[in-house]
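The chain below stands alone and is given in structure tokens; this is the form predicted alone.
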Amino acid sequence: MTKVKVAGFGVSLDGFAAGIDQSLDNPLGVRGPELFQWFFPTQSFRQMQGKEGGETGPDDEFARRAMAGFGAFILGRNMFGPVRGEWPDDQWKGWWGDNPPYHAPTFILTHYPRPPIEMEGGTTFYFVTDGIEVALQKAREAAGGKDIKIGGGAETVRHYIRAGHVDEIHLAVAPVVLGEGESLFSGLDLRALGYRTVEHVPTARATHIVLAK
């Protein structure tokens, strides 16, 4: 049965999932990369970039689980790029180059329509203007029975959690405080929504917590 998951989602000790002032030079916002120091050294991340080597162990296992086995992805528009408002042209095709790491149909939530973009490696970006429910329906149809990942950002994750659609949440809690940024937990009562901790693995760079209903 298809499950909807949040996986590999970096968050600071004070609950921020991205820094402020996202831009072309700061895709994760100012200080946002501090949330992913557990991820960048892993073998899984290096393989995504076509590189060899990298660390193995629990961080790498969680990194692998965060991307493997998904039949479709859903992203908020800010996760796709820094462009705001109407699409000025068709030049921007995501942060990831010609071969994005998704390798599956990927649905972008936006208010502004745009034709699909077929990329290398099996990724096709579809732009959904009808809201989170329609995006999820399309993702289920495209996933072929595999799981669906809600890839972020924080606002998109909150919408899907509040709507009751997310079955499992993997948070990689980084040992840093950002002070400001995109809050993940604002307006969420995870306990009231039925989540409980089913896995808890501390490493030198993060504490991995998996919540499920």
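As the structure is a prediction and not an experimental result, all values here were calculated from the model. Note that residue numbering begins at 1 and tracks the sequence as displayed.
The same protein also exists as the form predicted together with another copy of the chain; that form is not shown, yet it is the one meant from here on.
Undergrad: Please name which of the stretches 29 to 37, 65 to 73, 144 to 152, 51 to 59 has residues with heavy atoms lying within 4.5 Å of another copy of the chain in the predicted bound form.
TA: It is the stretch 29 to 37.
Undergrad: Every residue in 176, 190 and 209 with a non-hydrogen atom within 4.5 Å of another copy of the chain in the predicted bound form?
TA: Every residue of the spot touches another copy of the chain in the predicted bound form.
Undergrad: Can you tell me if residue 195 lies within 4.5 angstroms of another copy of the chain in the predicted bound form, counting non-hydrogen atoms only?
TA: Answer yes; at least one heavy atom of residue 195 falls within 4.5 Å of another copy of the chain in the predicted bound form.
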